[in-house]
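Let's start with one chain on its own, the form predicted on its own, as structure tokens.
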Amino acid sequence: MENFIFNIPTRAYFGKGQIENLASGVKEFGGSRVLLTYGGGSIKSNGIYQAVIDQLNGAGIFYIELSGIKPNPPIEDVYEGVRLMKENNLDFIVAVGGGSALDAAKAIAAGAKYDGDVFDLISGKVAVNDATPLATVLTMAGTGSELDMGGVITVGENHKKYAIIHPLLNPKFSILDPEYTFTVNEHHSMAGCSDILSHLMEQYLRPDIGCDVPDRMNEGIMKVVLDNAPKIKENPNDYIARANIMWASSMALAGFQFMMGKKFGAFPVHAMGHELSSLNDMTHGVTLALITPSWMRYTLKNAPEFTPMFARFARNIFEILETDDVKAANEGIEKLEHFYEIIGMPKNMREAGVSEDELKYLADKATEFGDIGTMTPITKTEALEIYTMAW
């Protein structure tokens, strides 16, 4: 187990009616002039937008709106947010929405305190050393952005995804009302569940020694996702199921797994999924469901020393009774694929609309900055093999 410092700086207001804490929270953390960011118009049809502005207006808080944050948020949306922040002397950000709106807000928060091009911060050329405080009102569970310190921004004509990560980007507080997710459609709700599961797996399936506490926590939360996702699919207004999935999303990236004795490292499935998402404008959770089983089979084949880890996953998550590790591991992958099928994820990349001649491009882009992987290094050639297996 590695040394670690434990600190979760984001306050969570969880449950029905917690929007009533928005204005007081903004003021508590020094906000008086707010940038209100959100995506499409859905929050105006389901009442969330009105609840937010009622809070701000009722407290006499000045605000300017940045609407239309796009899925897989492009840097152009960040540029516009930074411009509004600086030109209007804004001192706080309230991001309303799912992962895209929240991720964009984090990049805006960093860019508003930087004199140069915000891409310097997003690309890692310059370190973040200051950020505007922000809060979130979550409307879709999945990315975990509401309790973490990172965001993913899409840049350039080839839609390359960059992660901006810094403790200063943790929201000061987040409003987590499960009822706000009732109107999320089935596809995006289930993709969010896939995303949560992947966040948990990326911390669980890594070669760390003696990290029993985070591993056992992960096992429990993974089971929560497996149990509750089908309930939401059956009844989108199941408050208990929505609440459990929303909190699972938050816990998956709240820092427990990163900090409690685990080495930080990029999960290769995320890097490969980002490229698939960029090329085909595909929801991130869908890409993870497409690639994860193939990555698992590839690793079992090429790094057999990690077979016991996959067997533990199969036995502790899916309750596989097989005593042979290889057989147990493969049964676990089959169970995972069955879960993806239950929640309506595509069976393969062909079904998702990916053409075979795109696979080499995807492999090139996924590894353009070097090998990826937390167990065994994945080069361009190996990435192509995994994509091909998933196709």
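Since the structure is predicted, the reported quantities are computational estimates derived from the model, not experimental observations. Numbering starts at 1 and follows the sequence shown.
Heads up, the form predicted together with 5,6-dihydroxy-NADP isn't pictured, but that's what we're talking about next.
Only one segment in the set 57-65, 330-338, 36-44, 361-369 has residues whose heavy atoms sit within 4.5 Å of 5,6-dihydroxy-NADP in the predicted complex; it is 36-44. Although the partner is absent from the chain shown here, 99, 253 and 270 each have a heavy atom within 4.5 Å of 5,6-dihydroxy-NADP in the predicted complex. Shown without its partner, this chain lists 172, 188, 312, 166 as candidates; in the predicted complex, only 188 has a non-hydrogen atom within 4.5 angstroms of 5,6-dihydroxy-NADP. Contact with 5,6-dihydroxy-NADP in the predicted complex, judged by any heavy atom within 4.5 Å, is made by just one of 90, 320, 184, 201: 184. Put simply, residue 151 is close to 5,6-dihydroxy-NADP in the predicted complex: some heavy atom of it is within 4.5 Å. Using a 4.5 Å cutoff between non-hydrogen atoms, residue 111 does not count as a contact of 5,6-dihydroxy-NADP in the predicted complex. Put simply, residue 81 is far from 5,6-dihydroxy-NADP in the predicted complex: not one heavy atom of it is within 4.5 Å. In the predicted complex, 5,6-dihydroxy-NADP sits within 4.5 Å of a heavy atom belonging to residue 103. For the partner-free chain shown, nothing in 303-323 comes within 4.5 angstroms of 5,6-dihydroxy-NADP in the predicted complex, judged by any non-hydrogen atom.
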